[in-house]
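Coming up is one lone chain in structure tokens, specifically the form predicted on its own.
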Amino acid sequence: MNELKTTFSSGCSSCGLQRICFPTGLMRTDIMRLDSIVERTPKVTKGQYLYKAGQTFETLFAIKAGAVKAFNITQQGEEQILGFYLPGDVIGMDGLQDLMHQCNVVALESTTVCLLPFDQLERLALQIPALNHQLLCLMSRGLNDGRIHSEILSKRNADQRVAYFVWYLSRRFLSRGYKHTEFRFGVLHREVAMFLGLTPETFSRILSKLMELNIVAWRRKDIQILDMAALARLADEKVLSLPDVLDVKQA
């Protein structure tokens, strides 16, 4: 993954990911008040859980560096991957309704997070209307993530699923100010295949096809998009211009 724009020791007011976590509408004084309730933690190691299904909901987690995945275990004992989250994503809203987390979230690599105690965040949001709006936006993002995943599985064939996943991942990196045509994604191929409802063999076959066509090169954890226009066509999406992408709020 590309180098972060700020160090982990920076506060909300100087964080380069501020626009993604709480994008717009907060005055500098509001951001300083938000910064005062944020708890910064040591790095979470690969394989360490941020939280588990059934755990009491108390905190939101803002990812500052690294990557995590959310998943559940089915009654048959199989892993069901719900999503992958990158720097700038805020997770944990799944526990809000019942005050209990509904899924597991584990670090896929060395990861740093900011903790947002929800009781303090909620009280602060009552005093800062723009912050309250941002919390509603976070809830909307979670719903949109679920919708996008459902549409990938129900409305696209296997080739389109892989192409759309890479295209959408590229858009997410671009919205964070990173290189979006060449980046590192610390997730195993088999986990992406599982997320897309494909077998590892089918996923590998499609990747080989994309590489033969000089559209995408994906070796281990390094992804390079060689032909964005062709990728967008295969994903059944229009090619977005830079201003268009930067205006899109991360789902």
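The structure displayed is predicted, hence computed values, not measured ones. Counting begins at 1, following the sequence as shown.
Beyond the structure shown, there is the form predicted in complex with another copy of the chain, which is absent from this document and is the topic of what follows.
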Is another copy of the chain in the predicted bound form close enough to 102, 125 and 155 that every residue in that trio has a heavy atom within 4.5 angstroms of it? yes
Contact between residue 147 and another copy of the chain in the predicted bound form at 4.5 Å, heavy atoms? yes
Residue-level contact is defined here as any heavy atom of the residue lying within 4.5 Å of another copy of the chain in the predicted bound form; does residue 110 satisfy this criterion? no
Can any non-hydrogen atom of residue 120 be found within 4.5 angstroms of another copy of the chain in the predicted bound form? no
In the predicted bound form, does residue 186 come within 4.5 Å of another copy of the chain, counting heavy atoms only? no
Of 39-47, 193-201, 178-186, 212-220, which is the one stretch near another copy of the chain in the predicted bound form, taking non-hydrogen atoms within 4.5 angstroms as near? 193-201
Interface check vs another copy of the chain in the predicted bound form: of 115, 93, 106, 169, the one with a heavy atom inside 4.5 Å is 93
In the predicted bound form, which residues of 41-80 put a heavy atom within 4.5 Å of another copy of the chain? 72, 74, 75, 76, 78, 79, 80
